[in-house]
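Only one chain comes next, encoded as structure tokens, the form predicted alone.
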Amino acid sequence: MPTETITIVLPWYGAETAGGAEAQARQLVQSLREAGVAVEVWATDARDARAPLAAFYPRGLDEVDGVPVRRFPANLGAAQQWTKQYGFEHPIPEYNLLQSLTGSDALLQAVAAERDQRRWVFFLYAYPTSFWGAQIVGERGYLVPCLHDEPYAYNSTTRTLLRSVRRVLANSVGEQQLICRLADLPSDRVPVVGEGIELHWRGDGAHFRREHNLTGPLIFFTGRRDHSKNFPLLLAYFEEYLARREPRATLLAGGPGPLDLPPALQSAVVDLGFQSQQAKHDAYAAADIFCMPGLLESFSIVVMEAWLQGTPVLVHGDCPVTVAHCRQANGGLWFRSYRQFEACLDRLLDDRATARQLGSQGQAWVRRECRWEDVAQRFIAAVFEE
């Protein structure tokens, strides 16, 4: 087992910190620790991207679930010393973007002081902690970018960051392909480490249906109920589907955010809001189809959770990550237009044998590929392989 310390660097870290990548980092850190790797976390004292830029966690040395955490004062952007030392040959808007995001000069100064004593893994591609940290440590640095196919990904700063570290660790094959294309990197510089999920959850679909007094076909969505997950498109397509097919299915809408429904959907959509983990897995198990129309994904935990309960998934054909998952697992279908959405729903609702087979194949793939123990071993190999 490697004896050199891995230091995970990200803007925020803690039990109260929200965010998918932040939760991924916490689970990965625990898995590395359980694998016997010396691991430490460096972050700011801010809470997360949804909170004000103010001290939330105690500065200095802390501990989270037995893991040492060093927290530094947060500030926007980075001091002029980094631009002077490493240069900044990028468009002004890209510089201004970096300056507008959570960073920490104190953290970067500490990274510079201990540059050669550790292996550094930076989380989240858009933040100053990753961009300047990678310039400081160079070949001793690794990046878990959680990269989406979004406008920021095409910035020249992103290309510079991706090419500055020794390896970029991808969450999925779709993300790997995007990274290689954007930065012109060979695939061996971008290993697919993957991401794990908690595999112990067992959903009770019958209990869920009784609790909510639901019968008939159910389509489930959970996530942010806004444009970031393409939720308005799902509502529009589902409204059209009901108009053409009559009320043959109910849409379950879980997750945070307001739910503003047109009159035609008032009786066909159930607002589940924020759910406990058990309630969410009960909903997966109760659903006939799980639909995730999001385009900006680097992994999609909810797709994996749906498959864990044996539920087939329906994703958007313009999201390379979730489509690649469906191809690899042979666990779902995808659509690019309303007509394709309609055809996919009809197929999955009318051909129950095919739907069960897709869900079963997805379940087997998740149990095989999403064990945190295996993710940790792939991570260790990627970081310590010369």
Partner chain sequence: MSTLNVDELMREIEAAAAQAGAEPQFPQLAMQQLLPALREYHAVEPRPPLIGRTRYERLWVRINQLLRRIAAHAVEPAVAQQNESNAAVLDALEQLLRADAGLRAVVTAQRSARVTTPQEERNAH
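Numbering follows the first chain given and starts at 1. Fair warning: this is a prediction, and the values are worked out from it, not measured in the lab.
FYI, the form predicted in complex with its partner chain isn't displayed, but the following is about it.
- Out of the listed residues 69, 344, 39, 319, 344 is the one that sits within 4.5 Å of its partner chain in the model of the complex by at least one heavy atom.
- Here is the short version: of 210, 244, 202, 181, the single residue with a heavy atom within 4.5 Å of its partner chain in the model of the complex is 244.
- Though the partner is left out of this view, residue 259 does not reach within 4.5 Å of its partner chain in the model of the complex, counting heavy atoms only.
- By the criterion of a heavy atom within 4.5 Å, residue 56 is excluded from the residues contacting its partner chain in the model of the complex.
- A residue is said to contact a partner when one of its heavy atoms sits within 4.5 Å of a partner heavy atom; residue 32 fails this definition for its partner chain in the model of the complex, lying far away.
- Although the partner is absent from this view, residue 75 contacts its partner chain in the model of the complex, with a non-hydrogen atom inside 4.5 angstroms.
- If you check its partner chain in the model of the complex, you find no heavy atom from any of 130, 165 and 168 within 4.5 Å.
- Looking at 139-147, 170-178, 111-119, 234-242, the stretch with residues near its partner chain in the model of the complex, meaning non-hydrogen atoms within 4.5 angstroms, turns out to be 234-242.
- The partner is not shown here, but in the model of the complex the stretch 316-348 reaches within 4.5 angstroms of its partner chain through a heavy atom at 326, 327, 330, 331, 332, 333, 334, 337, 338, 339, 340, 342, 343, 344, 346, 347.
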